[in-house]
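Presented below, as structure tokens, is a lone chain in the form predicted alone.
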């Protein structure tokens, strides 16, 4: 049974690999034996994370960093070329990056049509573009595994009262994007299944990241398990399950990891 969760010799591309979730995902994949490609637009953070993992891990995994904008076809093609040159194959793609423009995060009445479209294009469109290109390799391999990071707000309405008294809100673009990612996951699972490519989604609840105390308190009150926000470690088990052979007969699913918040 333990071997089912082993990722040894698997090549995993993790977009947004140097971010809050990506950092934890990258470290966990290496710990369980995978060779990883950390993908991010922040070269400094990406290279620092690569060196940190190499220093801390006892495995002989190969860890590389590649700067890539997932809305740029040239960047994606270069990423794929470098990955194949190094590893010969791509076993898994974790779509985790969170691209957004400078106006992202405004309240509904302040969001312009142009900003709405740009953010949907960057995030949902970026997931589509990199998945389309990587899936070409997986189709040739006749195997592959794609995991999309969605959100509870992709299937659940926001509780706006928890944001009162803060400068935070739940952006309308986010709801549209994450809902789109969940259904894109189902579409891709159905379309790519004949090539032995699995596609699933993870929908995290709110992850603690130094949000205002009043928000954390109100959010946590609505969580069933332990009355707290999620931390990055809470998501690792689901990621490893979906990446490993333990889930080899699972595709097209969206797994909510929210402590019961969305019930």
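Positions refer to the first chain, counted from 1. Since the structure is predicted, the reported quantities are computational estimates derived from the model, not experimental observations.
Omitted from view is the form predicted in complex with a small molecule, to which the following refers.
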**Study point:** Residue among 199, 37, 29, 68 with a heavy atom within 4.5 Å of the small molecule in the model of the complex
**Key:** 68
Exercise for review: Name the stretch, out of 173-181, 156-164, 81-89, 133-141, where some heavy atom lies within 4.5 Å of the small molecule in the model of the complex.
Suggested key: 173-181
Practice item. Report yes if all three of 16, 96 and 206 come within 4.5 Å of the small molecule in the model of the complex by some heavy atom, otherwise no. Key: yes
Exercise for review: May I ask you to check whether residue 151 falls inside a 4.5 Å heavy atom distance of the small molecule in the model of the complex?
Suggested key: yes
Practice item. Evaluate residue 48 for contact with the small molecule in the model of the complex, applying a 4.5 angstroms cut-off between non-hydrogen atoms, and reply yes or no. Key: no
Review point. Would residue 20 count as touching the small molecule in the model of the complex under a 4.5 Å heavy atom rule?
Key: yes
**Study point:** Partner proximity in the model of the complex: residue 64 to the small molecule, non-hydrogen atom cutoff 4.5 Å
**Key:** no
